[in-house]
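Shown below, as structure tokens, is a lone chain in the form predicted alone; questions about how it binds or moves come after it.
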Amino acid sequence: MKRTYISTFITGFQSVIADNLPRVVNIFSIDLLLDGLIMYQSNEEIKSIKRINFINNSFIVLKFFKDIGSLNTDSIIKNIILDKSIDYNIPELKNNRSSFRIIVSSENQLISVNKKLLNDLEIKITKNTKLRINKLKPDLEFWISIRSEGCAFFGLRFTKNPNQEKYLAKGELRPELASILCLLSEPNSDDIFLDPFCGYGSIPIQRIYISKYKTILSYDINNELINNLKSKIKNIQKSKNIKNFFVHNTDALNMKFLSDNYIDKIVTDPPWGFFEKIDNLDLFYSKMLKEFHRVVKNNGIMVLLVANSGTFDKVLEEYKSLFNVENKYTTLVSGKKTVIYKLKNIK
């Protein structure tokens, strides 16, 4: 069944999402692309969209307001209530015991609205779906989202990301971001892939799901994190057959057991220099780039997440004869501005 969907993603990656979403789901058209949001037509099953690792949340669009103009929140809700053309029949997402609530957001912030209007909309949804209201722990959520670009949508969210803070360790990358970093490396089935600062393993784990590969190498100097990652991989292997995934306690600045020009892709989140004790960040970046240049093949790709971009840019300038800067992406990680560099090795 052809539907209109909206999916949200980490800010700063419109082009990456637009390029890669059609590779994993059947899309007839991309109708809107904003910073952090894409709207598209697809006949893909909901369960397939739920499995996409590089998007945050997804919605079935029930009504879209292309230009809200002078409409305020109350006017938008009244419009939804009066619109008899909205199709609430979504059999995959409801059963006799399903419950719902309504969420209203403006510019990505939850807001309170006129209680009577909200109650009228709840009554309409109940009549059309036979769902019951549960404002604390509902099975489903209907969202009214008003964007700063002057558009808005009314939709049913069918994904539910858990609170990241509850299950991610301090410094651990969100799976969606790790997945996007892997996409930037232009993954293919012949990749010998390396994350030399693997930490909790977010990047190499997401590389497993992105596409086939030849080998994944995961290194870190912290033995405790390495043991933690080995345990994670064992758990994943219970449901997925993982081959050629290697985890080692190794110094990324001196990978002497790797031969020259052995690696196809490096995707990594190097130490930021804020939380770890690094006496000389310039020297650290210099050694890192030298070692990456040595082990990566000619035209091999490196994707680096860097928080201290000023220092990194200064060091990178010294090695401009060794790397092409293919692209730079700016985003927020844990509220801090970071830059993602896509480099290509020059021999």
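As the structure is a prediction and not an experimental result, all values here were calculated from the model. In case it trips you up, residue 1 is the first one in the sequence shown, and so on.
Not on display, but discussed next: the form predicted in complex with a small molecule.
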Quiz prompt | Interface residue in the predicted bound form among I233, A252, I192, L184, criterion: non-hydrogen atom within 4.5 angstroms of the small molecule | solution = A252
Exercise. Select from the listed residues Y209, W272, Y88, W143 the one whose heavy atoms reach within 4.5 Å of the small molecule in the predicted bound form.
Key: W272
Quiz item: Should L225 be counted as a contact of the small molecule in the predicted bound form, where contact means heavy atoms within 4.5 Å?
Solution: yes
Exercise. Indicate whether the small molecule has at least one heavy atom within 4.5 Å of a heavy atom of F154 in the predicted bound form.
Key: no
Practice problem: Answer with yes or no whether I180 is in contact with the small molecule in the predicted bound form, where contact means some heavy atom within 4.5 Å. | Solution: no
Quiz prompt | the small molecule contact at F284 in the predicted bound form, heavy atom, 4.5 Å | solution = yes
Quiz prompt | Segment that reaches the small molecule in the predicted bound form - one of 167-175, 118-126, 74-82, 101-109, heavy atoms within 4.5 Å | solution = 167-175
